[in-house]
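Next up is one chain by itself, shown in structure tokens, the form predicted on its own.
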């Protein structure tokens, strides 16, 4: 089994590692230009952003060429997944590809403009993450065929939110960040960025290709990077995934 994954704070990498198989980082494959694969089972694991796919995942899906008997996709989300997985199945079909199984799993929401990390962490037990993840693992291993339905209201809501998110990712994301005096120019944020959007000159500088994944914010060892509209000063990283694993997956320098 081959799994392509994208992760910012470790949730999707944890899901990918639990599924097993050969893991490939989507940002690194895009960097290397490696797009030809073949395996009996091929999967895609990624976070759901605004009821849709991260732009970096969309770019990879357009570029990758593969052959497999069974293809699946798993989206990790923190609040609602909307019609994301159903829409993805439609996109696969429109591209002449077959998506056999699609599912999503509720995990910790780390979207700082909307949620407080402290309150999210209190909800971990009730989310029963490992229990639900094991169900997905069993479904994939048994090669279950299943695509979630999308009701009319869900499709409409997803379309509205997706439009709003597309307006947010507009090349002006650098204006959303501030870096305080705690910054030591250690370069962790540079390595954490999956698009190579950060440089250290005399200070931390953000360019115009931000994915709004907030890996830099959550992983900064000094909590020096902040969003102007963040709801919480706390930060999150999946406890089962190390900082080093996220840096290896995302580093573009």
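Small disclaimer: the values here were computed from a predicted structure and weren't measured. Positions refer to the first chain, counted from 1.
The same protein also exists as the form predicted in complex with a small molecule; that form is not shown, yet it is the one meant from here on.
Using a 4.5 angstroms limit between non-hydrogen atoms, residue 27 is distant from the small molecule in the predicted bound form. In the predicted bound form, the small molecule sits beyond 4.5 Å of every heavy atom of residue 4. Among residues of the shown chain, residue 83 is not one whose heavy atoms approach the small molecule to within 4.5 Å in the predicted bound form. Proximity of residue 108 to the small molecule in the predicted bound form: non-hydrogen atoms within 4.5 Å are present. You can rule out all but one of 178-186, 133-141, 88-96, 72-80: in the predicted bound form, only 72-80 has residues with a heavy atom within 4.5 Å of the small molecule.
Between the options 56, 212, 190, 224, the residue in contact with the small molecule in the predicted bound form by a heavy atom within 4.5 angstroms is 212. None of 48, 217, 198, 42 but one reaches within 4.5 angstroms of the small molecule in the predicted bound form through a heavy atom, and that residue is 48.
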